[in-house]
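Below, in structure tokens: the form predicted alone, a single chain.
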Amino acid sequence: MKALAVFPEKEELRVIGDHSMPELTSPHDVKVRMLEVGVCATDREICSFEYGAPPQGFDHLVLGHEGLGEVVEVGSAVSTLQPKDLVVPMVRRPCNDPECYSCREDRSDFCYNGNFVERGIKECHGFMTDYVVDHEKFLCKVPPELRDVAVLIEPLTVAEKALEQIWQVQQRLPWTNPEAPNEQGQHRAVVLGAGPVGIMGAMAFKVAGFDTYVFSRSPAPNPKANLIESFGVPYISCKTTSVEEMARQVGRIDVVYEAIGVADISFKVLDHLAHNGIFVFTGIPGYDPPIELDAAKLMRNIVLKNQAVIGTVNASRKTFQDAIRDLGTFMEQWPEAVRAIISGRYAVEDANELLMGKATGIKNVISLTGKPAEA
């Protein structure tokens, strides 16, 4: 088969034509024809050889972790999927440690020891190839009506897991009006960043009832700002508005959803988090120079204001299912905005420029079928 692979030792990225065709080896296995794979910052960082580990016995790693495929064959014990079903595969696979209770409970997103593997990232081939085989429980069925945007489900899971943890953590206090628990706008959220994770995070927070704002770098007007404001979320640029001015403009900030991967602006905004607020980090900064930080003030705020700061990475099956549900809601409310997140679809032969050239657009997608997806 054809596959897009990175060779870390050679610092090389290329299409290979002799990747082995996978076969079913378990009654719970499912064979999937890959249709599309999204390109993200993680893929670009792997192609910059910052990290990324091939499976044992291989000198290369097949890329791709934001996949969409079609089932072509199922094992004898598979009960939830059948041929022609559309599926999105999960990314992380559990470790083998019997004392890692998270992995044993199918919550490898909370693996205790870091010995998990991740498809297309760490010690397991990814989805930028013609066919893959995976266990039924790692494949999430997608409604046919989401075909043209389903490749966005994996990045949307970042926001879904953040929201899941926010609601769990905030059970520590009376956080909603008991007389109107579902009232819209009770809580105010600031999303940092206007990439795919930030844009879809803004959609998810708005659907969840938050009064939502996006604070990002590029001055408005720009295509991302226009897209965000098209679904009713104000866009504020840190190039034209200081953090202090943004905080005054927004008012009480109950939640910060960080999707920018920049430490300096993130910690400046953390300084303005409200009493009982929660700050969720999702970005992974590069190896930038250290920043100056008033650690004593930060510590006082967290303690005296009862704040919570958490990090989140990867996603569970429930989070993928939440993303499928919410993507359907987004498409009902803002179909043009959702489709606009996908900047372009490209053949696998164009991947070198997408992965190693200058970053462009919002979300670029590799089409494994050789043609754009149909709605």
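When you see a residue number, it is the position in the sequence shown, counting from 1. Everything quoted here is computed from the prediction, not taken from an experiment.
In what follows, reference is made to the form predicted together with beta-D-glucopyranose (BGC), a form of this protein that is not presented.
Shown alone here, Y51 lies within 4.5 Å of beta-D-glucopyranose (BGC) in the predicted bound form, counting heavy atoms only. Interface residue remark: H187 is not counted as part of the site for beta-D-glucopyranose (BGC) in the predicted bound form, having no heavy atom within 4.5 Å.
Shown alone here, C40 lies within 4.5 Å of beta-D-glucopyranose (BGC) in the predicted bound form, counting heavy atoms only. Heavy atoms of V313 reach within 4.5 Å of beta-D-glucopyranose (BGC) in the predicted bound form, making it an interface residue.
The stretch from 130-138, 222-230, 87-95, 72-80 that comes within 4.5 Å of beta-D-glucopyranose (BGC) in the predicted bound form, counting heavy atoms only, is 87-95.
A heavy atom within 4.5 Å of beta-D-glucopyranose (BGC) in the predicted bound form is found for one listed residue only; from E164, D148, E118, D211, this is E118. In the predicted bound form, just one residue of 62-86 lies within 4.5 Å of beta-D-glucopyranose (BGC) by at least one heavy atom: H65.
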